[in-house]
Structures are given as C-alpha cells and as structure tokens.
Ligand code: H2U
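First, one chain by itself: the form predicted alone, in structure tokens.
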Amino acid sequence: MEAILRGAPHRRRNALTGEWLLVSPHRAARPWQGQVEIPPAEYRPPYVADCYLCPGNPRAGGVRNPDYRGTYVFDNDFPSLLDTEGASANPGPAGGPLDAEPVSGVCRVVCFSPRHDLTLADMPPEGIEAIIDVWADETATLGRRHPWVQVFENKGPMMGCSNPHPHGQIWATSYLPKEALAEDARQREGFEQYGRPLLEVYAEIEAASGDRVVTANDDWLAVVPWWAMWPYETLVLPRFRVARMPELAPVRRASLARLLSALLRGYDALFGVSFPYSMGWHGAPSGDAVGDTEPWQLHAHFYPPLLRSATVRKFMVGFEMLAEPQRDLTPEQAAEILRDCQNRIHGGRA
C-alpha cells in the first residue's frame, strides 16, 4: 500500500468534508513552460507614506488611521457584507433554480503590527500571541450576534492581497457557509463513530505516524493533511480538546504562537521568499446554529499556492474545476520537504 500511495495514481478522501482528491505522484517531474510568477520584493520599509494601513495615514474611504502601536482592528471600508440585521428584502424567488436568501454580517480588518515590513513569519512569538488574543476576542464578540466568525489572512499578491501591509480579516456572517456546514456534518459523523472528536482521533494518528508531521510541540501539531489539495498545504491541530479559540488558556495561546512562528518561518525558508498563502481558523459555530458543539475541534488551514519554486504555482483549473482536485507531489513528500526546512532553522520542534 505504501508503494502504491507513493508511486501510483490514487484517490484520497478528505475526512473533514467528505470530498475526494486525485493524487498523481508520477507527474511531479513533468516539464513546465507555463506562467512564471514575479517574486515579491525582498525589501519592504517599516513605514510607507501612501499605505492605507500604516499608522496615521488616511485610508481609501477617507478615515484616518490612529497612530496605533500594536494590533489594530477596524471595520472594513468596503465590506462584502452589510450589518443589516434581519434584512427584509429577498433578492430572488424562494426555491427552485433561482433560489436566494438575504444575508448580513460584519467585515473587519486586523493590522498585525504598525510595521509595514513585518509579516507573521517575521514577528517574534510574543507578537503572534498578541494577534491570537485579538482573534479570540473578536471571535467572542462577533459570535454573540453571528453564528459563524471566519478569521483569515490572504498573504501576498499571488493570493489576491490588495495591500502589502501585513494584515488579516474577520468576517462574521448571519449564516453557516458551505465549508462550515460540510465540516460540521463530517465531525458529527466522526463523533458518532469514535465517541470523541474526529480531529482528536486524526491528530493522534498523525502524531504516531509522523509521516506528514511538519512541526509540533506539546500542545499543537502542524501536518500536511492526508487529503491535502494544495502542494504545501498544512493543517494546525490542538493536541487537547478545544472547540473555539476564545476557550484557549493563555499557556495554550503562547504555545500556539511558537508553533505558528516555526511553521511560517519554515515556509519562508522553502523557496527563500515571503511565502504566499491563504489561511483561516475553523471553530465551532456560535449560539444554537448547530446545537451541540462537542464534536468540534478548533483547527487552522494554510493553503499556499507555490509548487516548484518561488515563481511556479499550482493552478486549480480544468479537471480541478470540472471534476475534482488533483495534486502531483504526495502529502508525505511535501511534509518531508517542509520538515527539512524546519530542521535547518530550529531542529523541527516549535
């Protein structure tokens, strides 16, 4: 079975969504004459006068940022959702092929630091811990009114980031998005099968195997998941039971900051660039959106697009869009490469 998984085409199932993925290890050596990306600039100044997110500068909407000294949170000037609780206008017919429903929500921006040049990978663990505190506080506050709070970051122009000042976002929605619904259903099925959270079982399997572990400490585990879709995708898992970020004790937040620091520094070391990605946290929905949240485990997804180098990325096109996701490099190979980066930097342990 190991030889088949490493050398022959096969499918793997995503335990969190139930979706399938095609793995084609034999295609890893295929030639590439397609699009080549431009690596990000190596130097970024600590302050940029025309940056919308630097302290004291006016934003695109006209509001001026305060002279902030730490993490700064504000409502997005151009939100994707409007905070119109109980929106009355139904934008389309109810039911049938033209189904639609009204939604509302809040979109916030989180500037990680006043420094224009500090990504999460560049910050010390203490700085990341302060951001984790903000994530937790915002999740608790927004969760009082909204069933789903999505903390995320798009890093780098390759992932559509519209401003180079390191920042993330938090969107709170009046509904459960499709990824949340899929993960809720699968985690409930897993809880019925195992009598405990699915991701608790999965974390134990990965820790015992070690084949897909990238870095770990006593509290947290970062792995290239068995079902990874993106080349160097990782999943951050707790090694204890916790459903939501606000429930994390200070000591767990500190150990999470150390793990994230190690993981992200390893990413940057892989191709010698500030590594692009989209990342986000999934925790149990708020209120009575799904009822019992005991099956849920807090976790984070990191989806980096780079494939072979700083200039060659993975495209989700063709078969991926019309049939199912496909990857060339196996998750085990990707984990081994990322582990080597970790070992070169700090011995592999966060």
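Numbers for residues come from their place in the sequence shown, where the first is 1. If you're wondering where the values come from, they're calculated on a predicted model, not measured in any experiment.
Form predicted together with ligand H2U: not shown, discussed below.
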| item | value |
| --- | --- |
| Residue contact check: F271 to ligand H2U in the model of the complex, 4.5 Å heavy atom | no |
| 4.5 angstroms heavy atom contact with ligand H2U in the model of the complex for C161 | yes |
| In the model of the complex, R59 touching ligand H2U (heavy atom, 4.5 Å) | yes |
| Contact of Y194 with ligand H2U in the model of the complex (heavy atom, 4.5 Å) | no |
| Contact stretch among 153-161, 116-124, 225-233, 183-191 - heavy atom within 4.5 Å of ligand H2U in the model of the complex | 153-161 |
| The unique member of V109, L248, L199, L259 whose heavy atoms fall within 4.5 Å of ligand H2U in the model of the complex | V109 |
| Listed residue (Q169, T71, T141, N217) with a non-hydrogen atom within 4.5 angstroms of ligand H2U in the model of the complex | Q169 |
